[in-house]
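Before any questions on binding or motion, here is one chain by itself as structure tokens, the form predicted alone.
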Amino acid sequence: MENHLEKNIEQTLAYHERTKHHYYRYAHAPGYMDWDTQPHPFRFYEGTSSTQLPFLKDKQPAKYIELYERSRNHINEFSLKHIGAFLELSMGLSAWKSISETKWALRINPSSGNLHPTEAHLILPDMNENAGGVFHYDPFHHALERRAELSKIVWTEMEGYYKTKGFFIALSSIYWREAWKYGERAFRYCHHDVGHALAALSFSANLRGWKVTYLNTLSDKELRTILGFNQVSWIEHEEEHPDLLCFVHSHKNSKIPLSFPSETLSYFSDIKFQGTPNQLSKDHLDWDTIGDVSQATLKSKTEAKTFEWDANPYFPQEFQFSAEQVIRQRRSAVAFDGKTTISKSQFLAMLDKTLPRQQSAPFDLGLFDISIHLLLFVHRVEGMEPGLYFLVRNPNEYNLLKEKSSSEFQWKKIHEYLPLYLLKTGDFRQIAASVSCGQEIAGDSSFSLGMIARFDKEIKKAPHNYRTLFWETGMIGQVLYLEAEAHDVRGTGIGCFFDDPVHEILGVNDNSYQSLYHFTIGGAVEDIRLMTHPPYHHLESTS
């Protein structure tokens, strides 16, 4: 068993090293866009019955801060109406874009290259005339595809186990969607996207008065059984890999079991699942490295873990946009104007939202101990000197971070309450762009950042933590996307960066800390050639 663990640790660390970008060599990728094998943008389970979910008809009155603070929200009943709203504002479509004869969908939850490898599956009880079961969410039609029926007796047993009403939502990843474009580094990007989706689900649930709780004891093997993936004849390279299962419940019931009842698990192994996944591509490239790291980072059954945070108030802010407006209008900027300046209060408020709080979305879902910090390149923030800054998201690591980083850094505290430190003053615009694969958006923004993970220790503790670290970065990214929109600027996640040159800037010369994701926020330059269409106009045209 110990040798097996050592092998998995070795494979995980080897994958991370192999997929680093360097100035002189990028990670292995196709090197061109093979449009003939581009994956279909939507996954369907053919041969299943489909239930159309209702759309939100009225604008939602919730204020932006109500995305975060749980105590502000009225608790909705668990019905298809409210589950439809929950999915519409988390995993649904946000718009269609078109230019000339080309048209593509955008979604509420961001994705690397808009490729969307993350799928959602729900386990629901009986709801009025709709029988309970296991469903796949189809965002193209905003519908639920029934994959299995569920006994009322089993659901009653589960309600007794959790001692509250609710339902389950699971996320899975199709690695081929990202590998088609990005090659070996795709495994990283898929798990960024899981984090984005998790935060989107947590925010949307909060608007309904619900809380998303990660059932962190489950193994991947158990989740495969619950979702019926072991009964599916997958097309090679197009398999869905189970990521995690969450229980959605009233935010008043904060203490629930973090496991799945073993008696119910055996029931799921016996029920019959239906539906055949649609073929996404007519041909594929084989990326063995992704298969190897996927196998090495499989999660086994673990003991339940709970996490407690402070309940500090958020920085006071007034926003002109509602929660729904911010969620729906979130976009990834493709270029920045190189001149937009944000205020110091805006900057600090954005960073403040990335800190975990008790009974506040999205970081209270029980996913992890805080492992990610922010290395900030500040370019255009009024009232702050341009330079290199650091946000210590886990105060227990301050001393180690200071010890591991460059001895030249000042570590000057910037704010009484926020754990933000000035490392070095100067113009870092060119450096920020250079280490982000030469992308000007990292230097033309108001500020950009690298997400620095406590790395070697976490991987050696359990290789599946490699995935969890990326989930945490994706959740931070989703917070920053929404914060940018709320402050009337725009954000962009950056998956392409030169790993070790970033570590050199920080002064870290080992694997104790690693940069896993970059992000940048500023004044967006809109492409006036693009046409925007409503998210579900395609359904109206065919009805």
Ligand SMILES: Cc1cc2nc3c(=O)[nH]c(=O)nc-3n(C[C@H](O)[C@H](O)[C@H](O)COP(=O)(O)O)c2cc1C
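On a predicted model such as this, the values are computed, not experimentally measured, just so you know. We number the residues from 1 along the sequence you see.
Keep in mind the form predicted in complex with the named molecule is missing from the figure; the text below concerns it.
Distance criterion of 4.5 Å from any heavy atom to the named molecule in the model of the complex singles out 330 from the list 147, 121, 429, 330. With the partner removed from view, the residue among 443, 275, 110, 139 that has a non-hydrogen atom within 4.5 Å of the named molecule in the model of the complex turns out to be 110. Not one of 187, 195 and 467 is positioned with any heavy atom within 4.5 Å of the named molecule in the model of the complex.
Though the partner is left out of this view, residue 439 does reach within 4.5 Å of the named molecule in the model of the complex, counting heavy atoms only. For residue 114, a non-hydrogen atom is located within 4.5 Å of the named molecule in the model of the complex, even though that partner is not displayed. In the model of the complex, the named molecule stays beyond 4.5 Å of every heavy atom belonging to residue 418.
Among heavy atoms of residue 106, some come within 4.5 Å of the named molecule in the model of the complex. Residues within 4.5 angstroms of the named molecule in the model of the complex, judged by any non-hydrogen atom, belong to 488-496 and to none of the other stretches in 25-33, 488-496, 502-510, 53-61. Residue 481 is the only member of 457-482 with a non-hydrogen atom no more than 4.5 angstroms from the named molecule in the model of the complex.
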